Structures are given as structure tokens and as C-alpha cells.
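So this first bit is one chain, no partners, the form predicted on its own, shown in C-alpha cells.
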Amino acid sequence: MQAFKLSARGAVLAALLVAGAAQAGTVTIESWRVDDKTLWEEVLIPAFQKKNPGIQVKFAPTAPTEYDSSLTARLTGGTAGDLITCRPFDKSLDLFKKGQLEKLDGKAGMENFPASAKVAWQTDDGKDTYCMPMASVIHGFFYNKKIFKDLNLKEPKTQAEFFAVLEALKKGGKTPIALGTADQWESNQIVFTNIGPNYWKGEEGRKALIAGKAKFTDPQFVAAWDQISKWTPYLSKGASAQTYADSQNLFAMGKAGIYPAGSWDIAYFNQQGLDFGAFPPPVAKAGDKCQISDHTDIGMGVNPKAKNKADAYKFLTWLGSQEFADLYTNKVTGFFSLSNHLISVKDPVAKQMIDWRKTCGSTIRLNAQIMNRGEPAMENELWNVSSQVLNGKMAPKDAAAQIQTGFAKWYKPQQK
């Protein structure tokens, strides 16, 4: 009887140990990419497990609007997952400064990324990197191929050609540009910082603002607002009440010729069965070097209090591999790997967009680095003024003056 008791106790202990091991063997990923849940569960995680049998991985996303606050609460409370999907720049830098992300310099897989890809997840001095770069999104314009064919239109390369196309679309009874200002964010992220780099020469202009060597009131920045002020006659009549979803629907239903886009929209329009192509922001005159917003959007970091850190690092190493770069680029259509791996992009529109890197300069969203740190919050200010310019309610020079005044209030290099 005593022997049975001992063996029974041993069995219970063994079961507890196995349960503990199973729990310890589960890597939990925090993310805001709710739309990618099926992809992670059916494609990415199984691919990792083929190479790493026995490691359980759980993709646990939170709605994008709630992600930052709920992640901070979980990290503070010690209940966050092992791997943290990282926003670019300040959101993740704040987590690193609080000791909530591990330093990743020298970790396996990090060698597969160029220095430019790491900037979004580094300290200002570039000495510490705290997230592995995963993907960028590229901005440009989508166009309805059937409408363009019916009206005998070609992809515009210059701004003169762009406005000639808009005029032809209007005369052809189509909404030229599927764009609204009700949600405001598109006015900055897929309009102002999409077409602007051609005016301020991409990285050259962005870095000049940070260095205090340029101001928003300089001609190259005012010119970007001046360009979008000319779009007003080509928007829907109710553009000021039109949401992002409304714009998607307008373009998907074949009622609009052109859609200012982020590459993440490719998947949505593919699902709608739309035949569409893409063109980069038109340049001022033929022969000018084009510049695109190729924005570092998503990375992955390790929670210093991860319950399963060793396996989290195994997963991170796999994230830096050729296999992951290829799967992510081709399955999460419109998100492009930031690695040095050579990738064959299969989706035709995604391939069009990634090929712009060969001929155009790449930059990131203008205000993403450093410029969002003060009050008034530049991101929100840019949403506001760019929407007003599109609505015909604010002059381009006034938009520039408002952004410059707000920037100079708190940023010392702009107070000279």
C-alpha cells in the first residue's frame, strides 16, 4: 500500500512536471495584427514547428487601437507574452527605456538586416537595437485597370500627366480619386508623406528637419501641401464625410479610377476580385529621381520577463531566416521583408511596388523619428492640417506655418 502511495505521488509529480514543461514550451506572441491570426496559425507557426518540434507557439493579437495601452498594462503587470510585436520608433523605444524589451545586438538572425532597417528600433545614438525588423509598407497609388483601358489612359509618370489623368477620369464620369477626410489619418500617412518625398528629396529633407537645417515653411515642404490642395476638385462630393472604409468600397466597386494607397491594401482589393495596378508618386518633371515612402512598420522584440526566453530566441532566429522572409512577404501581401534575403515576390501588384526600390530613393514617414515627441503632437497636427488642405479649408502656407510653429515650440534645433 505504501509503495502504491509513493508511486501515485510520483505519477502526480511527473504529471505536474509535464504540465509545467508544456507551459514553459509555449511561446506567446503579442501583436496588433488581428488580420494575420489565421496566417500565423496555419502557415507561419507550422513552418517554424517543422524545424523546431515540441515548441508550442501562440499568436495572441489585440485590436490595433487597444494594443499599445493593453500591452503596457500586461508588461507592467508581468503577464505579457514572450515575444512583443514592435511599433516603429518611439512607442518601442519607450518600452526599451523602461526595461521592457531586451537588447538584441549580436543575437542570431540580426546579421541578416541592413543598418537602414534597424533604425526604427534603435536608440537615438544607434548603439542599442531592441527589435528585429520584420517588414515595411510602401506607399503609392492603385489604379483600376479596366477604367484606364476604357478611357485609354496610361500610368502617369509626371505630375502634369497625373492631373491630365484626373481630368480625363472626371470627364469620363468616374470619381478620379477615392479618398475621404473623415478619419483624417490617411491625409498624412497615405497622402502627404506619400507624395511629399519627391519634393523634399526623401531622406535628405527628413534629416534636415531633424538637424534644424530646414523648416516646414521652406518651399520644398509647402509644395507638397500645394500639390494636395489641387486634388480637391477630383474627390467625391462628400469627401469630408467619407471614411477609409468608404474609400476602399468606392475603389473596389469600380466607381473610382485612382486610390492613394498603402501596400497593405493589396490583400483587401485582391479579395474583392479587382483588377488593379500600381504606380509610384509622379515626379515634377520627366527624368527627376523618384522618392517613395518605404516605411519600416513592424518588428519583433523579446520580453525580458519572458517565461520561455530560450524558445522565444529560437523563434526570433527563425524570424531572421530566408524561409520567414519569403513566407511573410508572399503570404502577408503588401508587407515587405526588411532583410537582405533575396525574395521572389509572387503577387503582381506587390512586385510592382517592391521593384520601385530599384529606381527610387526610399525614405520613411516624415515625422516618424523624433518629431512626434513633443506637444502639440505632430502626427495629429499633420492629420488635421492635411485634411483641411484637402477639404479646401486651409491654404498650403498656413498648414506649413501651423506645423512649424508647433515643432519649434518644443524642439531646440528648430528654435535657432
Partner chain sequence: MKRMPWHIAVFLAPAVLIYSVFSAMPLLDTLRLGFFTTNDAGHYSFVGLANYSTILTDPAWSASFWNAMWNNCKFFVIHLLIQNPIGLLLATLLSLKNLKGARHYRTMIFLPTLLSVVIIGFIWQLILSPLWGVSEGLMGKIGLADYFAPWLGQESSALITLALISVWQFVGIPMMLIYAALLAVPEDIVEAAHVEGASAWRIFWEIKLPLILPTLGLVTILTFVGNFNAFDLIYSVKGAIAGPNYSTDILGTLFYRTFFGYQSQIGSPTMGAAVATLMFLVILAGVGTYFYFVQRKLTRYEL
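Residue numbers count along the first chain shown, from 1. Since this is a predicted model, take the numbers as computed values, not measurements.
Below: the form predicted in complex with its partner chain, not depicted.
Not displayed here, its partner chain is approached by Gln388 to within 4.5 Å at the level of heavy atoms in the model of the complex. Within this chain, Ala377 lines the site of its partner chain in the model of the complex, having a heavy atom no more than 4.5 Å away. Taking non-hydrogen atoms only, Ser229 never approaches its partner chain to within 4.5 angstroms in the model of the complex. In the model of the complex, its partner chain sits within 4.5 Å of a heavy atom of Lys409. By the 4.5 Å heavy atom rule, the three marked residues Lys91, Lys237 and Thr243 all count as contacting its partner chain in the model of the complex. The single contact residue among Asn249, Asn270, Gln322, Gln159, judged by any heavy atom lying within 4.5 Å of its partner chain in the model of the complex, is Asn249.
Proximity to its partner chain in the model of the complex, taken as a non-hydrogen atom within 4.5 angstroms, holds for one residue of Gln220, Thr317, Gln184, Ser116, which is Gln184. Only one listed stretch (51-59, 64-72, 343-351, 37-45) carries heavy atoms within 4.5 Å of its partner chain in the model of the complex, and that stretch is 64-72.
Taking its partner chain as positioned in the model of the complex, the only residue of 189-227 that brings a heavy atom within 4.5 Å of it is Gln189.
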